[in-house]
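Here you get one chain, nothing else, as structure tokens; it is the form predicted on its own.
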């Protein structure tokens, strides 16, 4: 019986793997332009970290975490999200006491949630994100939103819709939760069991219910904007004015609450529909948090962050044809040994070309020269280096241009210099042809 990958996971190979690297590297470069530095947290954390931070009322904690007991009978969880682990790292290593504030970090890696696999979403998935911790200001909130929007624009994603809302300060949320309880109380018997639990633990979570009948009830629920304190409203209005001044498009969504309990004040999501009409939902999301750092043993400071799903980004970029032309996996050189010759000599030639910076592969199997040319063609190699007994005896190689079929014999001690000259001439020819085309 063959063993397959676990349901909800997938193997990342070929162009998809190359695309992931391209996306992650681009996002990393932009984050560092904004002054964010990379951190890495373990894949496993004590379960208490997520229960305390994400919240017992969230679906993540109640249904989706991969949790197990280790050999010491300690409860361990595969990280379902990054923010809690990042804050744990910051607090444990006392980074807020030794760094300029806000402390700005970025991360990338896998996370795990036991949920229904769907378009661009898996039970093991990859996220890139940032956290800015230590200062509570609308300007920092704006910077984080601008950073995320810049990343999506740099991937050539047009018509990104930023949905934004505020959950208000503690006073606002207290008043709003009471209003929601009052509203949902008469309907509660008809609503799903999850909504019953949410009603007791955190009625804001009811707004996130996916049951169609419950969604109809949610439509008539009070809006948070009607329960904002003066301070909360002024801060949100100021944030929107900052985004207006920076020409960042957004849409206020009164129903947006996000799925994690640590959020407060600003929350946002990035929605996108591909050119072919596929609705990918949220490519990423984020928000502000007031109590999370203190809850995990740190000082009483705020933070804000976001994450983007790499699988989602890859799917929509591929769907829209935006990855074409970014990947050059073509070989510069394919080395072809003929017959039973000195393999050590061939490997030295191949290694020398690689160390000189040329993308080089060699044929390791004993096959005919015609088959080696076919392999070089499949790899889209520019040049072939042919080595037989005569070449080894004379300490030389044959260089063949696979585009023009021209070939010449070259002393081995002049190989790198000759290849470099040929590559430079080829680049100049391509540049000239491009200039002619452009007039």
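Just so you know, these numbers come straight off a predicted model, no measurement behind them. Numbering follows the first chain given and starts at 1.
If you look for the form predicted together with adenosine monophosphate, you will not find it shown, but the lines that follow are about it.
Enquirer: Identify which of 115, 332, 214, 320 has a heavy atom within 4.5 Å of adenosine monophosphate in the predicted bound form; exactly one of them does.
Expert: Looking at the other structure, the residue within range turns out to be 115.
Enquirer: From the list 179, 341, 108, 282, which entry has a heavy atom within 4.5 Å of adenosine monophosphate in the predicted bound form?
Expert: That would be 282.
Enquirer: In terms of non-hydrogen atoms within 4.5 angstroms, which of the given stretches 123 to 131, 69 to 77, 85 to 93, 233 to 241 touches adenosine monophosphate in the predicted bound form?
Expert: Within 4.5 Å of the partner lies stretch 123 to 131.
Enquirer: Contact between residue 307 and adenosine monophosphate in the predicted bound form at 4.5 Å, heavy atoms?
Expert: Yes, contact at 4.5 Å.
Enquirer: If we define contact as a non-hydrogen atom of the residue within 4.5 angstroms of the partner, is residue 205 a contact of adenosine monophosphate in the predicted bound form?
Expert: Judged by the heavy-atom cut-off of 4.5 Å, residue 205 is well away from adenosine monophosphate in the predicted bound form.
Enquirer: Taking adenosine monophosphate as it sits in the predicted bound form, is residue 163 in contact with it (heavy atom to heavy atom, 4.5 Å or less)?
Expert: Outside the cut-off, so no.
Enquirer: Does residue 312 reach adenosine monophosphate in the predicted bound form, with heavy atoms at most 4.5 Å apart?
Expert: Because a heavy atom of residue 312 falls inside 4.5 Å of adenosine monophosphate in the predicted bound form, the answer is yes.
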